[in-house]
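Before any questions on binding or motion, here is one chain by itself as C-alpha coordinates, the form predicted alone.
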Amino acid sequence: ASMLLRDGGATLLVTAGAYSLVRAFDALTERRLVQQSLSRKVVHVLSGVFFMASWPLFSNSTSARFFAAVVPFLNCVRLLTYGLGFYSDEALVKSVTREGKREELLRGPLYYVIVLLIIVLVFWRDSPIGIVSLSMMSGGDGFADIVGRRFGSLKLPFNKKKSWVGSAAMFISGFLLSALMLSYFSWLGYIHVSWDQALGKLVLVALAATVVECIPVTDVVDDNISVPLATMLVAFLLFGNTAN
(Lines give C-alpha, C1' and ligand atoms only; values in the text may rest on other atoms or scores of the structure.)
Protein backbone atom coordinates (compact mmCIF):
# COMPACT_ATOMS: atom_id res chain seq x y z
CA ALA A 1 0.00 0.00 0.00
CA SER A 2 2.85 2.39 0.81
CA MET A 3 4.33 1.77 -2.67
CA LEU A 4 0.97 2.48 -4.30
CA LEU A 5 0.66 5.72 -2.33
CA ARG A 6 4.20 6.74 -3.26
CA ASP A 7 3.66 6.00 -6.96
CA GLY A 8 0.26 7.70 -7.02
CA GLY A 9 1.70 10.76 -5.31
CA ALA A 10 4.68 10.85 -7.68
CA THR A 11 2.32 10.62 -10.69
CA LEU A 12 0.27 13.57 -9.41
CA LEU A 13 3.38 15.61 -8.66
CA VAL A 14 5.04 14.97 -12.03
CA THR A 15 1.80 15.54 -13.95
CA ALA A 16 1.31 18.87 -12.17
CA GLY A 17 4.96 19.79 -12.85
CA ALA A 18 4.71 18.92 -16.56
CA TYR A 19 1.47 20.87 -16.89
CA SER A 20 2.91 23.91 -15.06
CA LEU A 21 6.01 23.89 -17.28
CA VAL A 22 3.95 24.08 -20.48
CA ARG A 23 1.60 26.65 -18.92
CA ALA A 24 4.53 28.86 -17.86
CA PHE A 25 5.83 28.94 -21.44
CA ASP A 26 2.29 29.50 -22.76
CA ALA A 27 2.16 32.65 -20.63
CA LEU A 28 5.65 33.81 -21.65
CA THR A 29 4.81 33.34 -25.35
CA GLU A 30 1.47 35.14 -25.00
CA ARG A 31 3.16 38.11 -23.34
CA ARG A 32 5.76 38.08 -26.13
CA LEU A 33 8.55 37.64 -23.56
CA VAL A 34 9.74 34.50 -25.36
CA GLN A 35 9.64 33.87 -29.12
CA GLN A 36 7.31 31.07 -30.18
CA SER A 37 10.11 29.09 -31.86
CA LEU A 38 12.30 29.34 -28.74
CA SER A 39 9.44 28.50 -26.37
CA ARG A 40 8.63 25.37 -28.38
CA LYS A 41 12.17 24.04 -28.17
CA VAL A 42 12.78 24.98 -24.53
CA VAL A 43 9.59 23.06 -23.63
CA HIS A 44 10.90 20.22 -25.83
CA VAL A 45 14.20 20.10 -23.89
CA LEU A 46 12.90 20.67 -20.36
CA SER A 47 9.88 18.39 -20.46
CA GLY A 48 12.00 15.39 -21.46
CA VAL A 49 14.77 16.15 -18.96
CA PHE A 50 12.42 16.87 -16.03
CA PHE A 51 10.34 13.79 -16.75
CA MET A 52 13.43 11.57 -16.83
CA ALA A 53 14.87 13.21 -13.70
CA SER A 54 11.60 12.46 -11.88
CA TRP A 55 11.79 8.66 -12.32
CA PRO A 56 13.55 8.04 -8.99
CA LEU A 57 10.49 9.52 -7.22
CA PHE A 58 8.67 6.29 -8.11
CA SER A 59 8.97 3.14 -5.99
CA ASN A 60 10.80 -0.07 -6.85
CA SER A 61 7.57 -1.99 -7.45
CA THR A 62 6.98 -3.63 -10.81
CA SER A 63 3.99 -1.36 -11.42
CA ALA A 64 6.01 1.87 -10.88
CA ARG A 65 6.75 2.32 -14.61
CA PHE A 66 3.02 2.18 -15.36
CA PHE A 67 2.37 4.98 -12.90
CA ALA A 68 5.16 7.01 -14.53
CA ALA A 69 3.63 6.24 -17.96
CA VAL A 70 0.41 7.96 -16.89
CA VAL A 71 2.17 11.34 -17.32
CA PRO A 72 2.93 11.06 -21.08
CA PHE A 73 -0.35 9.17 -21.57
CA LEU A 74 -2.35 12.12 -20.19
CA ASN A 75 -0.31 14.41 -22.43
CA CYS A 76 -1.19 12.22 -25.42
CA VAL A 77 -4.89 12.52 -24.58
CA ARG A 78 -4.54 16.28 -24.15
CA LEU A 79 -2.79 16.74 -27.51
CA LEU A 80 -5.36 14.54 -29.27
CA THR A 81 -8.25 16.42 -27.66
CA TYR A 82 -6.97 19.84 -28.76
CA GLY A 83 -5.36 18.68 -32.00
CA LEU A 84 -8.57 17.08 -33.24
CA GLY A 85 -10.48 20.22 -32.28
CA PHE A 86 -12.76 18.83 -29.52
CA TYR A 87 -11.65 21.78 -27.40
CA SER A 88 -9.46 24.74 -28.23
CA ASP A 89 -6.43 25.99 -26.34
CA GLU A 90 -4.71 28.78 -28.24
CA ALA A 91 -1.96 29.21 -25.64
CA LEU A 92 -0.97 25.54 -25.85
CA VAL A 93 -0.97 25.64 -29.66
CA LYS A 94 1.23 28.76 -29.63
CA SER A 95 3.80 27.43 -27.18
CA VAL A 96 4.42 23.96 -28.70
CA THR A 97 3.75 24.27 -32.45
CA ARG A 98 5.85 25.72 -35.24
CA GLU A 99 3.20 27.63 -37.20
CA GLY A 100 0.48 28.03 -34.59
CA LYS A 101 -1.99 25.56 -36.15
CA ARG A 102 -3.84 23.08 -33.93
CA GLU A 103 -3.28 20.21 -36.41
CA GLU A 104 0.44 20.46 -35.65
CA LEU A 105 -0.25 19.13 -32.16
CA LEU A 106 -0.93 15.78 -33.84
CA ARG A 107 2.56 15.65 -35.36
CA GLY A 108 5.83 16.56 -33.57
CA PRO A 109 4.42 17.14 -30.05
CA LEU A 110 2.29 13.97 -30.19
CA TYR A 111 5.15 11.82 -31.54
CA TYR A 112 7.34 13.21 -28.76
CA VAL A 113 5.01 12.11 -25.94
CA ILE A 114 4.38 8.74 -27.61
CA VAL A 115 8.15 8.15 -27.63
CA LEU A 116 8.26 9.14 -23.91
CA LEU A 117 5.52 6.60 -23.27
CA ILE A 118 7.36 3.83 -25.14
CA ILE A 119 10.69 4.60 -23.41
CA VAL A 120 9.10 4.42 -19.94
CA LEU A 121 7.24 1.18 -20.62
CA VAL A 122 9.96 -0.63 -22.57
CA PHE A 123 13.21 0.58 -20.97
CA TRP A 124 12.49 2.45 -17.72
CA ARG A 125 15.30 3.66 -15.44
CA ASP A 126 17.47 0.53 -15.28
CA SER A 127 18.31 0.53 -18.99
CA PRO A 128 20.85 2.92 -20.53
CA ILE A 129 19.05 2.64 -23.91
CA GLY A 130 15.97 4.59 -22.81
CA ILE A 131 18.02 7.14 -20.86
CA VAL A 132 20.34 7.86 -23.79
CA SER A 133 17.52 7.90 -26.39
CA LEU A 134 15.48 10.36 -24.37
CA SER A 135 18.54 12.56 -23.74
CA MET A 136 19.30 12.69 -27.47
CA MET A 137 15.69 13.43 -28.40
CA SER A 138 15.07 16.13 -25.81
CA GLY A 139 18.50 17.70 -25.31
CA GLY A 140 20.27 17.06 -28.59
CA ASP A 141 17.40 17.74 -30.97
CA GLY A 142 16.21 20.71 -28.90
CA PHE A 143 19.57 22.48 -28.76
CA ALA A 144 20.24 21.80 -32.46
CA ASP A 145 17.20 23.94 -33.25
CA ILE A 146 17.85 26.67 -30.66
CA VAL A 147 21.53 27.18 -31.60
CA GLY A 148 20.97 26.54 -35.31
CA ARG A 149 18.30 29.25 -35.57
CA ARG A 150 20.51 31.81 -33.86
CA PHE A 151 23.94 31.13 -35.33
CA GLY A 152 23.38 28.72 -38.20
CA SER A 153 24.10 30.87 -41.23
CA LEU A 154 26.44 28.25 -42.72
CA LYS A 155 24.11 25.52 -44.00
CA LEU A 156 24.88 21.86 -44.63
CA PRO A 157 25.55 21.22 -48.36
CA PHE A 158 22.97 18.41 -48.53
CA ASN A 159 20.26 20.01 -46.34
CA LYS A 160 19.70 23.76 -46.50
CA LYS A 161 17.30 23.60 -43.52
CA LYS A 162 20.11 22.49 -41.19
CA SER A 163 23.38 24.18 -40.27
CA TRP A 164 26.86 23.06 -39.23
CA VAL A 165 26.49 24.90 -35.93
CA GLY A 166 23.10 23.28 -35.25
CA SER A 167 24.48 19.80 -35.91
CA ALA A 168 27.51 20.48 -33.69
CA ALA A 169 25.16 21.70 -30.93
CA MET A 170 23.08 18.52 -31.31
CA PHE A 171 26.15 16.30 -31.01
CA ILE A 172 27.64 18.12 -28.00
CA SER A 173 24.44 18.69 -26.03
CA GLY A 174 23.13 15.17 -26.76
CA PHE A 175 26.44 13.65 -25.64
CA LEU A 176 26.67 15.82 -22.49
CA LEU A 177 23.05 15.29 -21.45
CA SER A 178 23.34 11.51 -22.01
CA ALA A 179 26.51 11.39 -19.89
CA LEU A 180 24.87 13.54 -17.20
CA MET A 181 21.72 11.40 -17.04
CA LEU A 182 23.71 8.15 -17.04
CA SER A 183 25.78 9.43 -14.11
CA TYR A 184 22.60 10.50 -12.31
CA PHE A 185 20.98 7.05 -12.60
CA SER A 186 24.28 5.34 -11.89
CA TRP A 187 24.81 7.49 -8.75
CA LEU A 188 21.31 6.50 -7.55
CA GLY A 189 22.19 2.85 -8.14
CA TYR A 190 19.76 1.99 -10.96
CA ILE A 191 22.46 1.19 -13.52
CA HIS A 192 26.17 0.42 -13.42
CA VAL A 193 28.38 2.40 -15.81
CA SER A 194 31.93 1.54 -16.85
CA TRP A 195 32.94 5.02 -17.94
CA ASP A 196 36.12 3.96 -19.75
CA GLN A 197 33.93 2.23 -22.35
CA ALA A 198 30.69 4.14 -21.98
CA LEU A 199 32.02 7.54 -23.13
CA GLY A 200 33.29 6.15 -26.44
CA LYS A 201 29.93 4.47 -27.02
CA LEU A 202 28.10 7.71 -26.22
CA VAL A 203 30.20 9.51 -28.84
CA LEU A 204 29.02 6.96 -31.43
CA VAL A 205 25.38 7.20 -30.33
CA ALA A 206 25.50 11.03 -30.43
CA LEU A 207 27.10 10.88 -33.87
CA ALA A 208 24.40 8.52 -35.18
CA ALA A 209 21.61 10.73 -33.76
CA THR A 210 23.22 13.85 -35.29
CA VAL A 211 23.57 12.22 -38.72
CA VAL A 212 19.93 11.08 -38.66
CA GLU A 213 18.76 14.53 -37.54
CA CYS A 214 20.51 16.31 -40.42
CA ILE A 215 19.42 13.93 -43.24
CA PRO A 216 16.72 15.75 -45.27
CA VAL A 217 13.82 13.36 -44.55
CA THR A 218 11.75 15.60 -42.23
CA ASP A 219 8.92 15.69 -44.79
CA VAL A 220 8.72 11.90 -44.63
CA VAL A 221 9.67 11.10 -41.01
CA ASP A 222 9.49 13.53 -38.09
CA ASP A 223 12.69 14.10 -36.08
CA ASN A 224 10.80 13.07 -32.96
CA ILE A 225 10.47 9.59 -34.48
CA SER A 226 13.68 9.17 -36.51
CA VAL A 227 16.12 10.48 -33.85
CA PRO A 228 14.93 8.32 -30.90
CA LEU A 229 14.52 5.23 -33.11
CA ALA A 230 18.05 5.56 -34.51
CA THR A 231 19.40 6.25 -31.02
CA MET A 232 17.61 3.24 -29.53
CA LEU A 233 18.98 0.99 -32.24
CA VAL A 234 22.60 2.18 -31.94
CA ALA A 235 22.44 2.27 -28.11
CA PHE A 236 21.02 -1.26 -28.10
CA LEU A 237 23.81 -2.51 -30.39
CA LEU A 238 26.51 -0.82 -28.30
CA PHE A 239 25.24 -1.12 -24.74
CA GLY A 240 22.89 -4.11 -24.83
CA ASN A 241 20.95 -3.72 -21.62
CA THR A 242 23.91 -2.80 -19.44
CA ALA A 243 25.74 0.52 -19.39
CA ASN A 244 29.22 -1.01 -19.76
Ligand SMILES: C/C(=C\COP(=O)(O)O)CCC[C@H](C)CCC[C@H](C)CCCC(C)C
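Counting begins at 1, following the sequence as shown. This structure is a prediction, so every number in the text was calculated from the model and none was measured.
Below, we turn to the form predicted in complex with this ligand, even though it does not appear here.
- The stretch among 192-200, 25-33, 58-66, 43-51 whose residues place heavy atoms within 4.5 Å of this ligand in the predicted bound form is 43-51.
- Contact annotation: residue 21 falls within 4.5 Å of this ligand in the predicted bound form, judged by heavy atom distances.
- Mapping the unseen interface onto this chain, residue 116 counts among the residues with a heavy atom inside 4.5 Å of this ligand in the predicted bound form.
- Within this chain, residue 92 lines the site of this ligand in the predicted bound form, having a heavy atom no more than 4.5 Å away.
- With a 4.5 Å cutoff on heavy atoms, residue 127 does not count as touching this ligand in the predicted bound form; it lies far away.
- Taken together, the three residues 14, 109 and 224 all lie with some non-hydrogen atom within 4.5 angstroms of this ligand in the predicted bound form.
- Contacts between stretch 46-85 and this ligand, counted in the predicted bound form as any heavy atom lying within 4.5 Å, involve 47, 50, 51, 71, 72, 75, 79, listed in sequence order.
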